[in-house]
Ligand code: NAD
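What follows is one chain in structure tokens, specifically the form predicted on its own.
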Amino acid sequence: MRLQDKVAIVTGSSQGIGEAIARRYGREGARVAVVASRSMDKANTVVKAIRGEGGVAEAFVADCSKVADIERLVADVIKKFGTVDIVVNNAGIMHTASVEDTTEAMWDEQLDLNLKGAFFLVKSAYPEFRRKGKGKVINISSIWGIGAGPNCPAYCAAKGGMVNLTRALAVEIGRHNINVNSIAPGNIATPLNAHLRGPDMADYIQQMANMTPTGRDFLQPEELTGTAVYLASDDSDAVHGVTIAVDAGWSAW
């Protein structure tokens, strides 16, 4: 197992991509902090699944748009597990809205959770990484962070910011054996984008398939987990500041 006895915080891991990564980390031997934004019941459901597969996990609740919650989360994880080795910044939100329909509240919600929260989670874990002399950070960006799409300006801004935040952190803290990298998922079927996959969205779904050279419209969250394991493992010790697209070739056009 490639992550034996490592302690991993995975935010937004009560569903979707975060849940898939948390469960894979559990199978790889990590002790996993499953973090939900509000529902301890949802977090405990994932914990139960990890334990059912022979892993070790505990449930936590934190609003990762709030610095106080983030600092408390890291302290609670260290108190429970004794340390932190891996941080996965996955918690995020997406509002589909045109420029005209994007409100200040929508902008702030997406930038606060998707970008600000990612930075402050790394900042909060940084002292423990320095104490240990090593750490792994995996930021979950998006193909809309390395490219762009219509009707989601705040989301694109946040995810693009995360890509460059990854580089900025890598060039500053990489000298301390802390690897900061990111994954840019393509169209992944999650609750976040369920509104784009309904029965009235057939034309959109076909468009997604047509715009991906492999002809795939939406990938499954589990297809990201191999990359997430690699970036959390010792195999990626020489990898810093990189964003890996897992998008069935979308960004290759």
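Everything numeric in this text was worked out from a predicted model, so none of it was measured. Residue indices: 1-based, along the sequence shown.
Not pictured, yet referred to below: the form predicted in complex with the ligand.
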One stretch from 171-179, 118-126, 74-82, 138-146 that, in the predicted bound form, holds residues within 4.5 Å of the ligand by heavy atom: 138-146
Using a 4.5 Å heavy atom cut-off, state whether residue 211 contacts the ligand in the predicted bound form. no
Can any non-hydrogen atom of residue 231 be found within 4.5 angstroms of the ligand in the predicted bound form? no
Quick one: is residue 192 in contact with the ligand in the predicted bound form, heavy atoms, 4.5 Å cut-off? yes
Residue-level contact is defined here as any heavy atom of the residue lying within 4.5 Å of the ligand in the predicted bound form; does residue 63 satisfy this criterion? yes
Quick one: name the residues from 97-125 with any non-hydrogen atom within 4.5 angstroms of the ligand in the predicted bound form. 113
